[in-house]
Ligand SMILES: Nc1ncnc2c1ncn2[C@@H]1O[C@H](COP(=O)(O)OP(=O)(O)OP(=O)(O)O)[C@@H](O)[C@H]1O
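Just the one chain here, the form predicted on its own, laid out as structure tokens.
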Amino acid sequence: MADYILQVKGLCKSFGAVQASQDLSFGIQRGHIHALIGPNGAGKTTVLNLLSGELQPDSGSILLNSEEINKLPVHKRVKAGLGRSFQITSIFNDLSVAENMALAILAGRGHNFRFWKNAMAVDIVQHTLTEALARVDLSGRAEQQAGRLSHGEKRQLEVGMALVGGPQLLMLDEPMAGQGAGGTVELQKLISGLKGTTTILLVEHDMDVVFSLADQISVIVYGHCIASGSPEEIRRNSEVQNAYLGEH
């Protein structure tokens, strides 16, 4: 029997006459990379906003580790094990790479930030910062101002900041967006290295990346999941081909 870390059941969300999610159901198995794909406007980011708590569903349920989290606010969902990166990189450009990571480490430990001393001097930061930077291959950029990183490196930093909170499920929203070929390869390598240790929900338009990384794929069209399965099952699905992937 599949071990689902997250289950979405009959999720519905409307904005006026627009149905962004329609009776949406899918499950994410623990330790897997699960990709969520679909054409522009299909409702993928709305799904992430519903899962993270930034939006409330009109109906349906979201289960994390078999516990319903529909009514939990964002910070309690983070505490329960959800982490997220966004389409638009959200880092502190004027701080160094190390300072960005230090703040993420403190936030992940529930620190209230009511301190006078430098965040870099806090024990938990000193004990974990080196490993956190190495994990996303940014050890050599520690003192560099984050705003001066390449786009790909900013993405690596953002993923690293999400990881230091120890999420059970990490949601990545278009991590390859705006990347050059080299940046895509490096970030793809980073995400692949998390397989089996961190469950990932990946929203991505780059189908080469999706089919090389994903264990399971769910296809969203007009807010409804038309298919879920292995990459090969999705490739062969005629409805998915007609709606999104095309003949090739």
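Position 1 is the first residue in the sequence shown; the rest follow in order. Predicted, not measured: the structure shown is a model, and the values here were computed from it.
Separately, the form predicted in complex with the named molecule exists; it is not shown, and the next lines address it.
Enquirer: If contact means any heavy atom within 4.5 Å, which of 25-33, 210-218, 59-67, 43-51 contacts the named molecule in the predicted complex?
Expert: Going by heavy atoms within 4.5 Å, the stretch is 43-51.
Enquirer: A20: heavy atom within 4.5 Å of the named molecule in the predicted complex?
Expert: A20 belongs to the contact set for the named molecule.
Enquirer: Evaluate P39 for contact with the named molecule in the predicted complex, applying a 4.5 angstroms cut-off between non-hydrogen atoms, and reply yes or no.
Expert: Yes - in the predicted complex, heavy atoms of P39 and the named molecule come within 4.5 Å of each other.
Enquirer: Just checking whether H205 would be counted as a contact of the named molecule in the predicted complex - the rule being heavy atoms within 4.5 angstroms.
Expert: The answer is yes: H205 has a heavy atom within 4.5 Å of the named molecule.
Enquirer: Please check if E99 has a heavy atom lying within 4.5 Å of any heavy atom of the named molecule in the predicted complex.
Expert: No, no contact at 4.5 Å.
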